[in-house]
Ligand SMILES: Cc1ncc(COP(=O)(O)O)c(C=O)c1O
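Have a look below at one chain only, the form predicted on its own, in structure tokens format.
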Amino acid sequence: MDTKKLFNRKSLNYKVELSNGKKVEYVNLDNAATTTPLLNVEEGVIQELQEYGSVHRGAGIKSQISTKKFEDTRETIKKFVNARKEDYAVFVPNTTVGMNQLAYFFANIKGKIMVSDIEHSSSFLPWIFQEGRHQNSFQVSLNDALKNNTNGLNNKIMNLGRKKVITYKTKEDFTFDLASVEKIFSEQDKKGEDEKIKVLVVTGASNVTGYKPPIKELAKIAHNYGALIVVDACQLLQHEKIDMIKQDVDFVVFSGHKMYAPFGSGAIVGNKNILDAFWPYQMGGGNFPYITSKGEVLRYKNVQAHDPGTPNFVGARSLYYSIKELDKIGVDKISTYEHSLVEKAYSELGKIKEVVLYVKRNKRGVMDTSLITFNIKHFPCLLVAEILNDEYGIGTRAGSYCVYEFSRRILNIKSDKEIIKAVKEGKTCLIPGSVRASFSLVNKEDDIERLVRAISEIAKKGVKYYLKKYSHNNITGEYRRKYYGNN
């Protein structure tokens, strides 16, 4: 696939200066975090700014044009995920805010939330936080707040929330076992309405292994026990289609910046009845038609009630153009192209004896992910990422990717007492992690060759060489003192 025409040439030819002073083309292998904007997104948004007006707030022609385009984008999003006709498409800044918004609504409903241990913290913490806030009745005085004395309020909120969230432990290979998922639903169902599971939250594709859970089968289990299913699709939609009707999904949440659309926009798509059952997540101007002289707030039960303030028109339209381009290319073609890149990287990295890979081919012997997570033996992952950037011009991600249980398990960490102590002291060096190289349409085979060559050279030189060379780095300094003394 020739992807050069899909991106701005300046983005593709972006130069960075290495630590030796040489300038090279930057290789972006951190696409799971944020993707390079598509050219049609850049051009489309710039053109529309010429006729941009306030959405839903003016009688002028520019306001009318912007309002129509804003609402058209909702329909484009719904079509992209094959939502039901009556479903809402609510704009949010990103998946994290979207999950908090959904968690706020569900906190008003009896029951518990179920998440897996491979979920991103943005699909995990919002449910704990919103459930805890809903149950909490304790307040502190203004005086105490000004003195930063919360009297344990924050801990109380999180402790209350944790009691409402059940974490499902995945199998040894970080995949789902449907029988054990159903067993948890059955056990909770027998305990009464307050204990039964009301919503199952599941990733569409893991941001650490690329694994795609069987969404349709999980939805069936949830619905059999009267629960709904929420899919975090921010690592899925740019690589693979989701079909809300065929897979029987109740809610999908995603971010535009992971699917070639910047400007801080994403969406919640799903069941309007849940969203309209309670007051909107945020209240203010624009999402209510009238406040009476007695202070009563009148509302309409429509999707605009979930758009407080002036909406992010540019973010919405960047999503529109991104979706149009992805549909034009064909998501199947995109995944085939990306999987071929990953297959080559996986095969070549597997030949380097010092490299430990944490992804694998599927049961058919095929790489069906768009990312690879790995470590070089004896190297701190943050150091590897730093070397790749400084000495090779390759951008990756290193750390726990907000999925801490994955990192603890791959590194066989039985107790995290020492990690907790270090973090409380402001040291991050002992937080377990790995290196992630994630691929997209912006990448080419040359990028794989540079990555493999770089990893091979780093492994050959060895960790002590780099710990000495990068002694200025506080993180690696802490790592050195723990594992190598002061040598």
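Just so it is clear, the structure is predicted and the values come from calculations on it, not from any experiment. The first residue of the sequence shown is number 1, and the count goes up from there.
Same protein, other form: the form predicted in complex with the named molecule, not shown, and the subject of what follows.
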Does S122 reach the named molecule in the predicted complex if we count a contact as any heavy atom within 4.5 Å? yes
4.5 Å heavy atom contact, K164 to the named molecule in the predicted complex: no
Exercise: N94 in contact with the named molecule in the predicted complex, heavy atom 4.5 Å: yes
Hey, in the predicted complex, is K258 touching the named molecule, heavy atoms inside 4.5 Å? yes
If we take heavy atoms and a 4.5 Å cut-off, which stretch out of 80 to 88, 335 to 343, 192 to 200, 250 to 258 is in contact with the named molecule in the predicted complex? 250 to 258
Looking at A267, C234, L383, A222, which is the one with a non-hydrogen atom within 4.5 Å of the named molecule in the predicted complex? C234
Tell me, which of S322, N207, T373, T369 has a heavy atom within 4.5 angstroms of the named molecule in the predicted complex? N207
